[in-house]
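Presented as structure tokens, the chain that follows is alone, the form predicted on its own.
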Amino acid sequence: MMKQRVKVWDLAVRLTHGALAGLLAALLLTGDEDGWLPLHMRLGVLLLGVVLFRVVWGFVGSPHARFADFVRGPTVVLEAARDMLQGRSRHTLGHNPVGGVMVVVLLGMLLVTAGSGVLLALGPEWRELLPLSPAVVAAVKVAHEAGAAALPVLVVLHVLGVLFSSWLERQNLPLAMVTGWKRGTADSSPLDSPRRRGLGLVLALGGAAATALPLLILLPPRAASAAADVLEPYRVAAQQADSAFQGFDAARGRRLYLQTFSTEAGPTSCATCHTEDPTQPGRSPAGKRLLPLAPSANPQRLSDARTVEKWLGRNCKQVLGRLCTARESGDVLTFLLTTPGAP
């Protein structure tokens, strides 16, 4: 049969696809920067809402948006994968069976990552609205971090698969997701009636909004803690570890901040990424710009005790190869908290 241009992807699918790509990129950029954490949480809630919309749309949307159109059994998927590896492509108007697997895996991983992030935000780490045990919190953290690490890999595989399928089918599949049009046969399934699409759209939007809007309301930034509140847990722990403890020392903290340690990546110090002057922006090993550490230059820094604990846990392991002692943590925090801003 002669192929012609056929409208395949409706506007909801195309907008959802673009929104997921943009939100995921923004989340990856803000995930490692503590000063961006309030924004990161809100972006995560929006991502969760978009994913939920796409899941509902997968049941009530237009024909080729539905999971029933592209989710196939293992035998069909393996046969399609074998054909692709051998350079053959059985043209499908919607997602092919292999692409359908990737769609489901991506949506599932996005749900796990965004959902675990919301649990952390509502649990003991932030709002304390959910009574999660330490073991549950630890498991949720692992799920969130594993999802955040897996998603870039899945996205790369998805893009490579789309480009490979474009070559096999001799048509521009990325452009088709933008315009909605692909080449198909004259007897291709038409889109649903406007009334049916409208009812499905209301249902999908309603489900996503009912989830995302309350969460956005429940996730205001925590009130900034005073410097004494940030230091207090470390003071108590330092006194328990050493009865002769006399208090934290900014000069001692500065020496530790500048001290170089041997790591698998080579000689490293806090100043390697954050510069010798913590009032200045730094650079990560990957070249990402880091906001200043000193609150005098960046008031959002070190303003919440739980965020500080997370930051110290991550960076002490990277620089020292171990967790910092309470006195080391308090000394470095005292140095950063008392560093004056630029005149």
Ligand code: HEC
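Quick caveat: nothing in here was measured; it's all calculated off a predicted structure. Numbering starts at 1 and follows the sequence shown. The term rigid core refers to the most C-alpha atoms you can superpose between the two forms while keeping them within 1.5 Å.
Below, we turn to the form predicted together with ligand HEC, even though it does not appear here.
The candidate stretches are 22-30, 290-298, 48-56, 63-71, and the one lying within 4.5 Å of ligand HEC in the predicted bound form by heavy atoms is 290-298. A residue is said to contact a partner when one of its heavy atoms sits within 4.5 Å of a partner heavy atom; residue 239 fails this definition for ligand HEC in the predicted bound form, lying far away.
The closest non-hydrogen atom of residue 39 lies beyond 4.5 Å of ligand HEC in the predicted bound form. The closest heavy atom approach of residue 315 to ligand HEC in the predicted bound form falls within 4.5 Å. Taking the partner from the other structure, ligand HEC in the predicted bound form has no heavy atom within 4.5 Å of any heavy atom of residue 279. Each of 269, 308 and 311 places at least one heavy atom within 4.5 Å of ligand HEC in the predicted bound form. Relative to the superposed core, residue 42 shifts its CA atom by less than 2 Å between this form and the one not shown. Taking the rigid core as fixed, one finds a CA shift for residue 331 of 2 Å or more between this form and the one not shown. Annotation for residue 66: C-alpha shift under 2 angstroms between this form and the one not shown, rigid core superposed. A change of 3 Å or more separates the two forms for residue 45 and residue 286: their C-alpha atoms lie farther apart in the predicted bound form.
Compared with the form shown here, the C-alpha atoms of residue 303 and residue 145 sit at least 3 Å closer together in the predicted bound form.
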